[in-house]
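Here you get one chain, nothing else, as structure tokens; it is the form predicted alone.
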Amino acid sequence: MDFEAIMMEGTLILKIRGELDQYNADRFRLRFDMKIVSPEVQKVVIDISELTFMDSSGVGFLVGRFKTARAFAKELVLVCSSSYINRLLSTCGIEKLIKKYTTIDEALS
């Protein structure tokens, strides 16, 4: 897994590429949380459009980042265009918790 963090006018965009599994979720959890709780961040957009694989640990990772953002009164949304990942998220019911968009532009508007 690889990720890129971009800050734009109070919005933190976290682009995740590759596989989001237990190994990678454990490796990146603290790094993501440190960015999310930063005082200049008001909104967090996690772009998972370039994920090639995600398991239940990856879903738990996303829910955990949502809880972190909510605890610090920040909005968190997802960007996902992969039909495989969308099916997984729908099956898990994550869409009831986290707003999901198909493009970053939609998420930023």
Partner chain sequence: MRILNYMELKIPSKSQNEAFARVAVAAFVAQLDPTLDEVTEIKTAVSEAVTNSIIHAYEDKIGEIIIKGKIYENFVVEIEVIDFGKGIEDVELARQPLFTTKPDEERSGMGFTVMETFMDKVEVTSEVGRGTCVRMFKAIKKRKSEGVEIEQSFPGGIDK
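A quick note: this is a predicted structure, and the numbers were derived from the prediction, not measured. Residue numbers count along the first chain shown, from 1.
From this point on, the text means the form predicted in complex with the partner chain, which you will not see here.
**Q** Using heavy atoms only and a 4.5 Å cut-off, decide whether all three of R29, D55 and G64 touch the partner chain in the predicted complex.
**A** Contact check passed for all of R29, D55 and G64.
**Q** Spell out, yes or no, whether the shortest heavy atom distance between K99 and the partner chain in the predicted complex is within 4.5 Å.
**A** No - in the predicted complex, heavy atoms of K99 and the partner chain never come within 4.5 Å of each other.
**Q** My question is simply whether C92 lines the interface with the partner chain in the predicted complex - judged by any non-hydrogen atom within 4.5 Å.
**A** Residue-level check for C92: yes, a contact with the partner chain.
**Q** Taking the partner chain as it sits in the predicted complex, is L88 in contact with it (heavy atom to heavy atom, 4.5 Å or less)?
**A** Taking the distances in the predicted complex, the answer for L88 is yes, it comes within 4.5 Å of the partner chain.
**Q** Taking the partner chain as it sits in the predicted complex, which residues of 14 to 44 have a non-hydrogen atom within 4.5 Å of it? Please list them.
**A** Result: E19, D21, Q22, Y23, R29.
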